[in-house]
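Take a look at this single chain in structure tokens; it is the form predicted alone.
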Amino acid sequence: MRAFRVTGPHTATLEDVPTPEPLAGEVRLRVGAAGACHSDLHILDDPNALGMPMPFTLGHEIAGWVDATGPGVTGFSVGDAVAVYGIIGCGTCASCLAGRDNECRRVPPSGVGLGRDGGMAEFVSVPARQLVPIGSLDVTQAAPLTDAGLTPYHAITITSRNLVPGSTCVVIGVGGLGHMAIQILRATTATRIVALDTRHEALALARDLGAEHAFLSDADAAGRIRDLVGPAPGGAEVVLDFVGSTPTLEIARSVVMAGGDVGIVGLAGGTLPVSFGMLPMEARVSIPFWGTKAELAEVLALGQSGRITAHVETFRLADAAGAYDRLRRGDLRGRAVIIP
């Protein structure tokens, strides 16, 4: 079969590899769709720094159909449509036992497409416990929802104490995750949504998806938001930063209210000073990571109901390298999805 594999720093190629045979407790999937995530760029740039053994197949956002089951697998039949919960924890720490593999206390972040062979291939074998049925949801929708939908859903869940009617939530970055965050906020809360981005087309998309306000992310952005939410110590109840650069974190710090929440989701490598006077009193800063399998089931239910829709651009497996080039340039509108 063909697979798009990381073979070294800055090197990924389409290769012919053996079709995997599912081991005990595993299921082999015929891959229907695999999302290209911005975090994959960090893997491509330096897999050694992340401790990921090479070579391996990229793709941690996966949906497809059961093709074969390994020994001991029950509950799944050939042809079942499923999505993959990509993160794999140790399975024995307190967090994993509570279903929070994304908070595993014993192993660094790893899983399907994160060191273990992922879904940018014609077939992939995964532990059966990682599968979530998707019903009639199209695989090109289900695949990006496993991360681009799940991660903002988790970020919204852990800041939900402040997402009450009459509140304001600032979404910084209307990309693959940010455009899902706006929809999830609209579907699950009554908060006022303010979107920021550097691209006019992204701001237009934000308005189309339900943001009441959409501003350019520039030197005047914090002032525009302050005009809406009033002076400190008031402000926005929640700020979700899907960029994570120092300038965007400065905006977040400048507009969050006392007792508010700042969720740092983006991986741009910025810093946010945390000390008295640098943030409002009682403000809480979190670094949401992916989400739980139970939350993934909820995200897929939102997708099945039609209340959220991933905006995707599809690519053939042979064009996977080009999809990542587009992702790196920032000229995708939504999520790149590879169709093996």
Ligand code: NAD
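Because the structure is a prediction, the values reported are computed rather than measured. Quick note: we count residues from 1 along the sequence shown, nothing fancier.
Here the subject shifts to the form predicted in complex with this ligand, a form of this protein not shown in this document.
> Within 4.5 Å, heavy atoms only, one stretch in 62-70, 272-280, 307-315, 285-293 touches this ligand in the predicted complex. Which?
Answer to the contact question: 285-293.
> Is R199 a contact residue for this ligand in the predicted complex, using a 4.5 Å heavy atom cut-off?
So R199 counts as contacting this ligand.
> Might L177 be said to contact this ligand in the predicted complex, defining contact as any heavy atom within 4.5 Å?
Answer yes; at least one heavy atom of L177 falls within 4.5 Å of this ligand in the predicted complex.
> Should A142 be counted as a contact of this ligand in the predicted complex, where contact means heavy atoms within 4.5 Å?
Answer no; every heavy atom of A142 is more than 4.5 Å from this ligand in the predicted complex.
> G113 versus this ligand, in the predicted complex: is there a non-hydrogen atom within 4.5 Å?
Looking in the predicted complex, residue contacts with this ligand do not include G113, since no heavy atom lies within 4.5 Å.
> This ligand is absent from this chain, but in the predicted complex, do I172, T248 and G266 each have a non-hydrogen atom within 4.5 Å of it?
Affirmative, all three are within 4.5 Å.
> Which of T191, Q183, S217, Q130 has a heavy atom within 4.5 Å of this ligand in the predicted complex?
After the contact test, the surviving option is S217.
> Which of I88, V82, V262, V243 has a heavy atom within 4.5 Å of this ligand in the predicted complex?
Selected option: V243.
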